[in-house]
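Take a look at this one chain, the form predicted alone, written out in C-alpha coordinates.
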(Lines give C-alpha, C1' and ligand atoms only; values in the text may rest on other atoms or scores of the structure.)
Protein backbone atom coordinates (compact mmCIF):
# COMPACT_ATOMS: atom_id res chain seq x y z
CA UNK A 1 0.00 0.00 0.00
CA UNK A 2 1.25 3.45 -0.94
CA UNK A 3 1.21 5.91 1.92
CA UNK A 4 0.08 9.43 1.17
CA UNK A 5 2.75 12.10 1.21
CA UNK A 6 1.89 13.43 4.66
CA UNK A 7 1.86 9.90 6.07
CA UNK A 8 5.23 9.10 4.51
CA UNK A 9 6.66 12.35 5.85
CA UNK A 10 5.39 11.60 9.34
CA UNK A 11 7.22 8.26 9.17
CA UNK A 12 10.55 9.67 8.01
CA UNK A 13 10.29 12.66 10.36
CA UNK A 14 9.92 10.23 13.27
CA UNK A 15 13.10 8.53 12.02
CA UNK A 16 15.00 11.83 12.20
CA UNK A 17 14.89 12.99 8.57
CA UNK A 18 14.10 16.73 8.33
CA UNK A 19 10.90 17.68 6.47
CA UNK A 20 9.45 21.14 5.78
CA UNK A 21 7.05 22.62 8.33
CA UNK A 22 3.59 21.59 7.22
CA UNK A 23 -0.01 21.04 8.24
CA UNK A 24 -2.75 18.74 6.96
CA UNK A 25 -6.01 20.56 6.28
CA UNK A 26 -9.40 19.14 5.33
CA UNK A 27 -11.08 22.38 4.27
CA UNK A 28 -9.93 25.82 3.07
CA UNK A 29 -10.97 27.41 6.38
CA UNK A 30 -8.49 25.26 8.28
CA UNK A 31 -5.60 27.02 6.53
CA UNK A 32 -6.05 30.38 8.29
CA UNK A 33 -4.66 29.41 11.73
CA UNK A 34 -1.46 28.11 10.07
CA UNK A 35 -0.65 31.10 7.84
CA UNK A 36 1.81 32.67 10.30
CA UNK A 37 3.77 29.43 10.69
CA UNK A 38 3.88 28.80 6.94
CA UNK A 39 5.58 32.11 6.17
CA UNK A 40 5.26 34.45 3.22
CA UNK A 41 5.17 31.72 0.55
CA UNK A 42 4.03 28.12 0.78
CA UNK A 43 2.82 25.21 -1.31
CA UNK A 44 -0.51 23.38 -1.23
CA UNK A 45 -0.39 19.70 -2.19
CA UNK A 46 -3.45 17.53 -2.85
CA UNK A 47 -3.23 14.26 -0.92
CA UNK A 48 -4.58 11.81 -3.50
CA UNK A 49 -3.36 8.36 -4.43
CA UNK A 50 -2.41 8.94 -8.06
CA UNK A 51 0.81 9.46 -9.95
CA UNK A 52 1.59 12.64 -11.82
CA UNK A 53 -0.23 14.75 -9.25
CA UNK A 54 1.74 17.92 -10.04
CA UNK A 55 1.14 17.74 -13.81
CA UNK A 56 -2.57 17.20 -13.13
CA UNK A 57 -2.80 20.46 -11.18
CA UNK A 58 -2.63 18.96 -7.71
CA UNK A 59 0.25 21.12 -6.45
CA UNK A 60 -0.21 24.90 -6.26
CA UNK A 61 1.88 27.78 -4.92
CA UNK A 62 0.32 30.36 -2.59
CA UNK A 63 1.09 33.15 -0.14
CA UNK A 64 -0.66 34.80 2.80
CA UNK A 65 -2.79 36.99 0.55
CA UNK A 66 -3.89 34.24 -1.88
CA UNK A 67 -3.73 31.16 0.34
CA UNK A 68 -7.42 30.71 1.13
CA UNK A 69 -8.47 31.32 -2.47
CA UNK A 70 -5.90 28.86 -3.81
CA UNK A 71 -6.97 26.30 -1.19
CA UNK A 72 -10.60 26.68 -2.30
CA UNK A 73 -9.51 26.10 -5.88
CA UNK A 74 -7.59 22.96 -4.95
CA UNK A 75 -10.38 21.49 -2.81
CA UNK A 76 -12.75 22.05 -5.73
CA UNK A 77 -10.66 19.89 -8.08
CA UNK A 78 -10.65 16.27 -9.05
CA UNK A 79 -7.19 14.86 -9.71
CA UNK A 80 -7.49 12.03 -12.23
CA UNK A 81 -11.00 11.26 -11.05
CA UNK A 82 -10.31 11.56 -7.33
CA UNK A 83 -11.83 14.44 -5.35
CA UNK A 84 -9.41 16.41 -3.17
CA UNK A 85 -10.42 15.85 0.44
CA UNK A 86 -7.08 16.54 2.16
CA UNK A 87 -4.35 19.05 1.40
CA UNK A 88 -0.83 19.33 2.80
CA UNK A 89 0.05 23.00 3.36
CA UNK A 90 3.82 23.20 3.51
CA UNK A 91 6.47 25.87 3.91
CA UNK A 92 8.26 26.79 0.68
CA UNK A 93 11.93 25.89 0.79
CA UNK A 94 14.82 27.96 -0.53
CA UNK A 95 16.26 25.18 -2.66
CA UNK A 96 19.91 25.33 -3.71
CA UNK A 97 20.23 21.80 -5.11
CA UNK A 98 18.03 18.74 -5.61
CA UNK A 99 19.02 15.09 -5.12
CA UNK A 100 17.25 11.78 -5.62
CA UNK A 101 17.34 8.96 -3.06
CA UNK A 102 15.41 5.71 -3.03
CA UNK A 103 15.54 2.21 -1.62
CA UNK A 104 13.72 -0.70 -3.20
CA UNK A 105 14.09 -4.46 -3.52
CA UNK A 106 16.61 -5.85 -6.01
CA UNK A 107 14.87 -9.01 -7.22
CA UNK A 108 18.11 -10.49 -8.55
CA UNK A 109 20.19 -10.27 -5.38
CA UNK A 110 17.14 -10.36 -3.05
CA UNK A 111 18.57 -7.41 -1.13
CA UNK A 112 17.69 -3.74 -0.63
CA UNK A 113 18.93 -1.66 -3.56
CA UNK A 114 19.86 1.96 -2.80
CA UNK A 115 19.87 4.52 -5.61
CA UNK A 116 21.29 8.03 -5.31
CA UNK A 117 21.91 10.77 -7.83
CA UNK A 118 22.80 14.42 -7.66
CA UNK A 119 20.42 14.99 -10.59
CA UNK A 120 17.23 14.97 -8.51
CA UNK A 121 13.89 16.70 -8.92
CA UNK A 122 13.04 14.91 -12.19
CA UNK A 123 11.71 11.46 -12.96
CA UNK A 124 14.42 8.91 -12.23
CA UNK A 125 13.52 7.03 -15.45
CA UNK A 126 14.59 10.05 -17.50
CA UNK A 127 17.94 10.28 -15.71
CA UNK A 128 18.47 6.52 -16.03
CA UNK A 129 17.86 6.67 -19.76
CA UNK A 130 19.69 9.87 -20.66
CA UNK A 131 22.47 9.95 -18.05
CA UNK A 132 22.81 6.49 -16.45
CA UNK A 133 26.35 7.35 -15.32
CA UNK A 134 24.88 9.87 -12.85
CA UNK A 135 23.07 7.20 -10.83
CA UNK A 136 25.03 5.43 -8.10
CA UNK A 137 23.77 2.08 -6.81
CA UNK A 138 24.64 -0.22 -3.92
CA UNK A 139 22.95 -3.27 -2.42
CA UNK A 140 22.80 -3.83 1.33
CA UNK A 141 22.41 -6.89 3.52
CA UNK A 142 18.85 -6.70 4.92
CA UNK A 143 20.05 -8.14 8.23
CA UNK A 144 22.11 -5.01 8.93
CA UNK A 145 20.58 -2.43 11.26
CA UNK A 146 22.81 0.34 9.89
CA UNK A 147 24.52 0.87 6.57
CA UNK A 148 28.31 0.56 6.73
CA UNK A 149 30.12 3.90 6.20
CA UNK A 150 31.90 2.64 3.06
CA UNK A 151 28.56 2.06 1.28
CA UNK A 152 27.40 5.55 2.13
CA UNK A 153 30.69 7.04 0.90
CA UNK A 154 30.31 5.08 -2.34
CA UNK A 155 26.85 6.60 -2.87
CA UNK A 156 27.74 10.17 -1.97
CA UNK A 157 31.00 10.63 -3.87
CA UNK A 158 31.06 14.45 -4.21
CA UNK A 159 27.64 15.09 -2.59
CA UNK A 160 27.48 16.78 0.85
CA UNK A 161 28.36 14.51 3.77
CA UNK A 162 25.24 15.76 5.58
CA UNK A 163 23.22 13.48 3.31
CA UNK A 164 24.90 10.37 4.78
CA UNK A 165 22.73 10.21 7.93
CA UNK A 166 19.62 10.70 5.80
CA UNK A 167 20.52 7.66 3.68
CA UNK A 168 21.04 5.53 6.78
CA UNK A 169 17.78 6.69 8.39
CA UNK A 170 15.80 6.02 5.22
CA UNK A 171 17.33 2.54 5.12
CA UNK A 172 16.14 1.97 8.70
CA UNK A 173 12.64 3.10 7.67
CA UNK A 174 12.71 0.76 4.67
CA UNK A 175 13.61 -2.25 6.82
CA UNK A 176 11.50 -1.33 9.83
CA UNK A 177 8.32 -0.58 7.90
CA UNK A 178 8.42 -3.68 5.65
CA UNK A 179 8.62 -1.34 2.67
CA UNK A 180 8.80 -2.24 -1.00
CA UNK A 181 9.86 1.33 -1.79
CA UNK A 182 11.12 4.27 0.26
CA UNK A 183 11.85 7.32 -1.89
CA UNK A 184 12.74 10.98 -1.38
CA UNK A 185 12.52 13.01 -4.58
CA UNK A 186 13.64 15.61 -4.28
CA UNK A 187 15.97 15.56 -1.32
CA UNK A 188 17.02 19.19 -1.22
CA UNK A 189 19.90 21.28 0.07
CA UNK A 190 18.86 24.65 1.52
CA UNK A 191 20.69 27.36 3.51
CA UNK A 192 19.13 25.75 6.58
CA UNK A 193 20.23 22.20 5.82
CA UNK A 194 18.98 19.06 4.07
CA UNK A 195 15.21 18.43 3.78
CA UNK A 196 12.92 15.83 2.24
CA UNK A 197 10.76 17.99 -0.02
CA UNK A 198 8.66 14.97 -1.03
CA UNK A 199 8.45 11.38 0.18
CA UNK A 200 6.95 8.13 -1.02
CA UNK A 201 6.65 4.88 0.94
CA UNK A 202 5.00 1.70 -0.33
CA UNK A 203 4.41 -0.89 2.39
CA UNK A 204 4.12 -4.59 1.56
CA UNK A 205 0.39 -5.41 1.74
CA UNK A 206 1.27 -8.63 3.57
CA UNK A 207 2.74 -6.57 6.42
CA UNK A 208 -0.11 -4.08 6.95
CA UNK A 209 -1.40 -5.90 10.04
CA UNK A 210 2.05 -6.08 11.60
CA UNK A 211 2.58 -2.40 10.88
CA UNK A 212 -0.81 -1.46 12.33
CA UNK A 213 -1.85 0.23 9.09
CA UNK A 214 -5.46 0.49 8.01
CA UNK A 215 -6.06 0.60 4.29
CA UNK A 216 -6.87 4.24 3.59
CA UNK A 217 -7.17 4.45 -0.18
CA UNK A 218 -9.93 6.41 -1.87
CA UNK A 219 -10.55 4.34 -4.95
CA UNK A 220 -11.43 5.91 -8.28
CA UNK A 221 -14.34 4.53 -10.25
CA UNK A 222 -11.98 2.53 -12.47
CA UNK A 223 -10.09 1.18 -9.46
CA UNK A 224 -13.37 0.00 -7.94
CA UNK A 225 -14.24 -1.67 -11.24
CA UNK A 226 -10.83 -3.36 -11.35
CA UNK A 227 -11.23 -4.54 -7.76
CA UNK A 228 -14.66 -5.99 -8.59
CA UNK A 229 -13.11 -8.10 -11.36
CA UNK A 230 -10.06 -9.06 -9.29
CA UNK A 231 -7.55 -7.27 -11.53
CA UNK A 232 -4.25 -5.92 -10.20
CA UNK A 233 -4.62 -2.36 -11.44
CA UNK A 234 -2.73 0.89 -11.01
CA UNK A 235 -3.56 4.09 -12.89
CA UNK A 236 -0.61 6.10 -14.23
CA UNK A 237 -0.33 9.26 -16.31
CA UNK A 238 0.61 8.18 -19.83
CA UNK A 239 -1.20 7.44 -23.09
CA UNK A 240 -0.36 3.76 -23.64
CA UNK A 241 -2.74 1.27 -22.02
CA UNK A 242 -1.12 -1.95 -20.80
CA UNK A 243 -2.68 -5.37 -20.22
CA UNK A 244 -0.54 -8.37 -19.28
CA UNK A 245 -0.81 -11.63 -17.39
CA UNK A 246 1.55 -11.90 -14.46
CA UNK A 247 3.03 -8.99 -12.54
CA UNK A 248 6.53 -9.60 -13.90
CA UNK A 249 5.49 -9.56 -17.55
CA UNK A 250 3.27 -6.51 -17.05
CA UNK A 251 6.02 -4.60 -15.21
CA UNK A 252 8.51 -5.54 -17.92
CA UNK A 253 6.11 -4.07 -20.48
CA UNK A 254 5.92 -0.81 -18.51
CA UNK A 255 9.71 -0.68 -18.22
CA UNK A 256 10.11 -1.18 -21.97
CA UNK A 257 7.62 1.62 -22.68
CA UNK A 258 9.71 3.96 -20.52
CA UNK A 259 12.88 2.75 -22.24
CA UNK A 260 11.56 3.67 -25.69
CA UNK A 261 10.38 7.09 -24.52
CA UNK A 262 6.68 6.37 -24.05
CA UNK A 263 4.40 6.73 -21.04
CA UNK A 264 2.16 3.98 -19.72
CA UNK A 265 -1.38 4.94 -18.73
CA UNK A 266 -1.85 2.03 -16.35
CA UNK A 267 -0.72 -1.33 -15.01
CA UNK A 268 -3.30 -4.11 -15.41
CA UNK A 269 -2.55 -7.76 -14.67
CA UNK A 270 -5.48 -10.00 -15.63
CA UNK A 271 -3.91 -12.97 -13.86
CA UNK A 272 -3.59 -16.54 -15.08
CA UNK A 273 -6.28 -18.54 -16.82
CA UNK A 274 -8.15 -15.45 -18.03
CA UNK A 275 -11.22 -16.36 -20.11
CA UNK A 276 -12.71 -14.20 -22.84
CA UNK A 277 -15.17 -12.38 -20.56
CA UNK A 278 -12.38 -11.42 -18.17
CA UNK A 279 -10.19 -10.17 -21.04
CA UNK A 280 -13.11 -8.20 -22.49
CA UNK A 281 -13.67 -6.44 -19.14
CA UNK A 282 -9.96 -5.66 -18.86
CA UNK A 283 -9.78 -4.13 -22.33
CA UNK A 284 -12.90 -2.02 -21.77
CA UNK A 285 -11.59 -0.83 -18.40
CA UNK A 286 -8.29 0.36 -19.87
CA UNK A 287 -10.08 1.91 -22.86
CA UNK A 288 -12.21 3.98 -20.44
CA UNK A 289 -9.12 5.93 -19.29
CA UNK A 290 -9.45 9.28 -21.12
CA UNK A 291 -5.73 9.59 -21.87
CA UNK A 292 -5.38 6.16 -23.54
CA UNK A 293 -4.67 6.38 -27.29
CA UNK A 294 -3.43 2.83 -27.87
CA UNK A 295 -3.54 -0.41 -25.88
CA UNK A 296 -0.79 -3.01 -25.67
CA UNK A 297 -1.99 -6.53 -24.89
CA UNK A 298 1.01 -8.68 -23.98
CA UNK A 299 0.00 -12.16 -22.83
CA UNK A 300 1.73 -15.51 -22.63
CA UNK A 301 -0.51 -18.52 -22.90
CA UNK A 302 0.02 -21.26 -20.36
CA UNK A 303 -3.14 -21.87 -18.42
CA UNK A 304 -4.32 -18.77 -20.28
CA UNK A 305 -5.52 -19.77 -23.75
CA UNK A 306 -4.67 -17.41 -26.60
CA UNK A 307 -7.96 -18.04 -28.42
CA UNK A 308 -9.89 -16.97 -25.32
CA UNK A 309 -7.77 -13.81 -25.15
CA UNK A 310 -8.49 -13.07 -28.80
CA UNK A 311 -12.25 -13.55 -28.31
CA UNK A 312 -12.18 -11.14 -25.35
CA UNK A 313 -10.29 -8.46 -27.31
CA UNK A 314 -12.73 -8.71 -30.20
CA UNK A 315 -15.80 -8.65 -27.94
CA UNK A 316 -14.59 -5.48 -26.19
CA UNK A 317 -15.29 -3.43 -29.34
CA UNK A 318 -13.31 -0.35 -28.32
CA UNK A 319 -12.37 2.62 -30.52
CA UNK A 320 -8.68 2.73 -29.62
CA UNK A 321 -6.01 0.85 -31.57
CA UNK A 322 -5.04 -2.47 -29.93
CA UNK A 323 -1.61 -3.98 -30.61
CA UNK A 324 -1.26 -7.60 -29.56
CA UNK A 325 1.52 -10.02 -28.71
CA UNK A 326 0.28 -13.56 -28.00
CA UNK A 327 2.37 -16.66 -27.47
CA UNK A 328 1.61 -20.10 -26.05
CA UNK A 329 -1.45 -22.32 -25.76
CA UNK A 330 -3.78 -22.14 -28.80
CA UNK A 331 -1.63 -19.37 -30.26
CA UNK A 332 -2.42 -20.19 -33.89
CA UNK A 333 -6.17 -20.04 -33.31
CA UNK A 334 -5.86 -16.79 -31.37
CA UNK A 335 -3.84 -15.22 -34.17
CA UNK A 336 -6.35 -16.41 -36.78
CA UNK A 337 -9.28 -14.84 -34.92
CA UNK A 338 -7.53 -11.50 -34.49
CA UNK A 339 -6.20 -11.47 -38.05
CA UNK A 340 -9.70 -11.93 -39.44
CA UNK A 341 -10.82 -8.81 -37.55
CA UNK A 342 -7.83 -6.74 -38.67
CA UNK A 343 -5.97 -6.46 -35.35
CA UNK A 344 -2.26 -5.73 -35.50
CA UNK A 345 -0.15 -8.54 -34.07
CA UNK A 346 3.61 -8.54 -33.60
CA UNK A 347 5.90 -11.37 -32.57
CA UNK A 348 7.80 -9.85 -29.64
CA UNK A 349 7.16 -7.56 -26.70
CA UNK A 350 9.88 -5.28 -28.02
CA UNK A 351 8.15 -4.79 -31.37
CA UNK A 352 4.72 -4.27 -29.79
CA UNK A 353 6.00 -1.58 -27.43
CA UNK A 354 7.97 0.21 -30.18
CA UNK A 355 4.84 0.36 -32.32
CA UNK A 356 2.72 1.69 -29.45
CA UNK A 357 5.25 4.43 -28.71
CA UNK A 358 5.24 5.40 -32.42
CA UNK A 359 1.45 5.66 -32.37
CA UNK A 360 1.50 8.07 -29.42
CA UNK A 361 4.51 10.12 -30.58
Partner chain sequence: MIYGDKKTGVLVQGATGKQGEFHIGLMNAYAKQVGGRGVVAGVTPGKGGQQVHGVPVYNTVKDAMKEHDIGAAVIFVPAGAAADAIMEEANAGIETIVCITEHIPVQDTMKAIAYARMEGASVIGPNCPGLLSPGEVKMGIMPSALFTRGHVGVISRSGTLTYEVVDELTRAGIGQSTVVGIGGDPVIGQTFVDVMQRFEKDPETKAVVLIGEVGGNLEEEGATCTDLPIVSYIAGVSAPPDKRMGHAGAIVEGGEGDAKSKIARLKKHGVPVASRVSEIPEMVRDLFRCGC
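Positions refer to the first chain, counted from 1. Everything numeric in this text was worked out from a predicted model, so none of it was measured. Rigid core here is just the name for the largest C-alpha set that superposes within 1.5 Å across the two forms.
Keep in mind the form predicted in complex with the partner chain is missing from the figure; the text below concerns it.
**Student:** Can residue 325 be called a contact residue for the partner chain in the model of the complex at 4.5 Å between heavy atoms?
**Tutor:** Yes, residue 325 is a contact residue.
**Student:** Taking 4.5 angstroms as the cut-off for heavy atoms, does residue 258 touch the partner chain in the model of the complex?
**Tutor:** Close contact exists here: in the model of the complex, residue 258 approaches the partner chain to within 4.5 Å, heavy atoms only.
**Student:** Using a 4.5 angstroms cut-off on non-hydrogen atoms, would residue 160 count as touching the partner chain in the model of the complex?
**Tutor:** The answer is no: residue 160 has no heavy atom within 4.5 Å of the partner chain.
**Student:** Although the partner chain is absent from this view, report whether residue 109 comes within 4.5 Å of it in the model of the complex, heavy atoms only.
**Tutor:** Residue 109: contacts the partner chain in the model of the complex.
**Student:** Check, residue by residue, if 223, 246 and 350 all come within 4.5 Å of the partner chain in the model of the complex, counting heavy atoms only.
**Tutor:** Every listed residue reaches the partner chain in the model of the complex, so yes.
**Student:** Select, from the options 299-307, 314-322, 29-37, 63-71, the stretch whose residues sit within 4.5 angstroms of the partner chain in the model of the complex by heavy atom distance.
**Tutor:** So the stretch in question is 299-307.
**Student:** Scan 154, 123, 178, 130 and let me know which has any heavy atom within 4.5 Å of the partner chain in the model of the complex.
**Tutor:** Comparing distances to the partner chain in the model of the complex, the residue within 4.5 Å is 178.
**Student:** Among 236, 287, 213, 119, which has at least one heavy atom within 4.5 Å of the partner chain in the model of the complex?
**Tutor:** That would be 236.
**Student:** Pick out the residues of 139-168 whose heavy atoms come within 4.5 Å of the partner chain in the model of the complex.
**Tutor:** Counting only heavy atoms within 4.5 Å of the partner chain in the model of the complex, the contacting residues of 139-168 are 141, 142, 143.
**Student:** For a quick test of reading the superposition: does residue 34 move by 2 Å or more at the CA between this form and the one not shown, rigid core aligned?
**Tutor:** No; residue 34 is a residue whose C-alpha shifts by less than 2 Å between this form and the one not shown when the cores are overlaid.
**Student:** With both forms fitted on the core, check whether the Cα of residue 139 differs by 2 Å or more between this form and the one not shown.
**Tutor:** No: residue 139 shifts by under 2 Å between this form and the one not shown.
**Student:** Can a Cα shift of no less than 2 Å be assigned to residue 116 between this form and the one not shown, given superposition on the rigid core?
**Tutor:** Where the cores coincide, residue 116 shows only a C-alpha shift between this form and the one not shown that is less than 2 Å.
**Student:** Closer or farther apart in the model of the complex, the C-alpha atoms of residue 54 and residue 258, for a change of 3 Å or more?
**Tutor:** Note: Cα gap between residue 54 and residue 258 widens in the model of the complex.
**Student:** So the Cα-Cα distance between residue 198 and residue 268 shifts by 3 Å or more in the model of the complex; is it shorter or longer than what we see here?
**Tutor:** Result: farther.
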